[in-house]
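What follows is one chain in structure tokens, specifically the form predicted alone.
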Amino acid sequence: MLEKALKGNVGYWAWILCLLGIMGVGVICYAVQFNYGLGATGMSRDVTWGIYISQFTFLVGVAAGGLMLVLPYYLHHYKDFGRITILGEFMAIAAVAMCLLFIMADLGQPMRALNVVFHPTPNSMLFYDMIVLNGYLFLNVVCGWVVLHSEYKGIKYPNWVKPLIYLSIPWAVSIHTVTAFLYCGLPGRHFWLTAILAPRFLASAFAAGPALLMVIALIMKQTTKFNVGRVAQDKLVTIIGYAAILNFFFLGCEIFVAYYSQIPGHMHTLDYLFFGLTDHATGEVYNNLVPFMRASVIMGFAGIALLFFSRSQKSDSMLAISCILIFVSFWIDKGLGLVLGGFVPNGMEQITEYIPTGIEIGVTAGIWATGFFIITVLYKIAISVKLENEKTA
């Protein structure tokens, strides 16, 4: 089936070359960081996790979002998701691959990753994060490829795949739950020290992942003959909408607890994220993330409203805009605010802002391009197989 990825029109190959170019830039930037060390990044003693880990955190949610397609189809036999379930599994493969690449970039020296294997520490959440991420990647590669290959051959997938498919359902929940425990298991960081962090992670995952898939599906609808179907599209709108609403409800709970209870550790970070924080010693105001966080809230609510309105109007263009708004909103919330805001102020009540360097941005762009390259190749194969089967049916 791999040969199907080598066939495409001019637009397809232009997109591939564009991604390869960005990936090349990422490789060059990573080579600079590899030779110079993490001093080439904007991280410091006070901010030990930067844009790499924030992107990792967000992408774990994108990977877990595939559950919203696998669970209805395989567990509840919702046949209308039959055309897009494989797309959710393949999107999870690309997202987990990006997660692992961001971890490797954050380690500085990639050989350090072997320490988790050669010197395991079961009392550390990082040990379990390694297990669930690699396990979820394995499950999606095996299940997705075997099911698609069986469809390519015109036969039913083998029975031994079913237990792996069912196992991938709770495993999808585990990858984002363990990631949340990485943060809320650190008592020195008050902003992350909340039991609601894992549910909040899952709510945003079940909105952001399907939102990205919806945008890609609408693009494929315009560029190919592949159509996910109106029923499946409407159900995805429902999933995205309610999950997004639930995420903002959890955020509201965090804000209420922080300000009503006057908890300084939570209030200071929220002040920094949404209003800016003043250093009382110098009088300087720190507010780098304020425009992003305010834009995140505005885009999130606008995306939710537009999402349900687009379904009533049956407008694909409006639906695409709403899904992009929701996806970007949650990317800002988890890909910037959650991780970077958690370091302000530090344990000594000092403020150290983090600004990514050009090297970090280049590496980040290269890894995102790698993920989209994987998605493009896998989706090209999957759609080609499905369209060929429909012609012969």
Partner chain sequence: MDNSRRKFLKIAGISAVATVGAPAALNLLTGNAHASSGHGAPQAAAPAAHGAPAAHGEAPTGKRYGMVIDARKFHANPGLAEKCIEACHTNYNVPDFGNKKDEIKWLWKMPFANAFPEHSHYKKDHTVHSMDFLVTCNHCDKPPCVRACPTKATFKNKDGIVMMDFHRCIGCRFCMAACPYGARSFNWRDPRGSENGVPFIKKLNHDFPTRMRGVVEKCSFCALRLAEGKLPLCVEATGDTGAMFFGDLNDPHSDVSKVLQSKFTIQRKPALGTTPSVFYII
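Everything numeric in this text was worked out from a predicted model, so none of it was measured. Positions refer to the first chain, counted from 1.
Heads up, the form predicted in complex with the partner chain isn't pictured, but that's what we're talking about next.
Since the partner isn't included here, can you check whether the partner chain sits close to all of Phe250, Gly252 and Val285 in the predicted bound form (heavy atom within 4.5 Å for each)?
Not a single residue of the candidate spot has a heavy atom within 4.5 Å of the partner chain in the predicted bound form.
Which one of these stretches, 206-214, 114-122, 91-99, 165-173, sits within 4.5 Å of the partner chain in the predicted bound form when only heavy atoms are counted?
Selected range: 114-122.
Answer option from Gly188, Gly154, Pro291, Gly276, heavy atom within 4.5 Å of the partner chain in the predicted bound form:
If I apply the 4.5 Å criterion carefully, the residue I get is Gly188.
Contact assignment for the partner chain in the predicted bound form, among Leu182, Ile131, Val142, Leu306, heavy atom within 4.5 Å:
Only one listed residue qualifies here, and that residue is Leu182.
Test of understanding: in the predicted bound form, would Gly108 fall inside 4.5 Å of the partner chain by heavy atoms?
Gly108: yes, in contact with the partner chain in the predicted bound form.
Check Gly42 for me: does it contact the partner chain in the predicted bound form (non-hydrogen atoms, 4.5 angstroms)?
Yes, contact at 4.5 Å.
Does Trp49 reach the partner chain in the predicted bound form if we count a contact as any heavy atom within 4.5 Å?
So Trp49 counts as contacting the partner chain.
4.5 angstroms heavy atom contact with the partner chain in the predicted bound form for Phe343:
Residue-level check for Phe343: yes, a contact with the partner chain.
Judged by heavy atom distances of 4.5 Å or less, which residues of 339-362 approach the partner chain in the predicted bound form?
Phe343, Gly347, Met348, Glu349, Gln350, Thr352 sit within 4.5 Å of the partner.
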